[in-house]
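The chain below stands alone and is given as structure tokens, in the form predicted on its own.
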Amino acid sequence: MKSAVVYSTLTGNTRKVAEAVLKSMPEGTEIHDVASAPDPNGYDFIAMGFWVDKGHPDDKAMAYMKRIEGKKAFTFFTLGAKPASAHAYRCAYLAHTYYGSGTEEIGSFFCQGAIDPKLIEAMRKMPAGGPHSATPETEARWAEAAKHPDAADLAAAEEAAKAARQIALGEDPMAAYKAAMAKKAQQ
């Protein structure tokens, strides 16, 4: 199964996650920034990463995702919101809808990531009371987002991508765990 990791990044967050995802892929898997990514038709499995822009994949990633047709895909993304937020889950829920026809999203991973400092400065200038204006709560969220993706996020991304690829190959991602538990039960 020929695989590729394709990503779009603004601040470098999604690139870090893409590099972690690459670690779970077989030797020879290519990694490409979406701006220079080859035609997706040359691959069977594509790990597609993007940064969230107004609740959707950024424009470059979205355009590439539409070109991915009839493939198996693993989706990963970074966003400034908390990963357990309704906004993050909405983005994860909608992600598969951006792929071209016949593409099967096998799995996904998302985590918080640092927000572009220019965007934070623009939000700080917004009138009070708006949905994106600066408040003590948003300032705290922005500060927390700046700490991500961290080592735990990257390890989780690698594991999620590994499981998705195993499923795409028709393997049981729980096989090693089940074997270990069976061996333990025999002892």
Ligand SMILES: Cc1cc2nc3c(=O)[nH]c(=O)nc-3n(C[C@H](O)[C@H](O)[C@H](O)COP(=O)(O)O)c2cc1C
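What you see is a predicted model; the values in this text were computed from it and never measured. Residue numbers run from 1 along the displayed sequence.
Heads up, the form predicted in complex with the ligand isn't pictured, but that's what we're talking about next.
Here the chain stands by itself, but in the predicted bound form one stretch of 154-162, 47-55, 29-37, 63-71, 47-55, has heavy atoms within 4.5 Å of the ligand.
Contact between Ala95 and the ligand in the predicted bound form is not found at the 4.5 Å heavy atom cutoff. Using a 4.5 angstroms limit between non-hydrogen atoms, Thr11 touches the ligand in the predicted bound form. In the predicted bound form, Ile106 stays away from the ligand, with no heavy atom inside 4.5 Å. Contact annotation for Arg90: none of its heavy atoms lies within 4.5 Å of the ligand in the predicted bound form.
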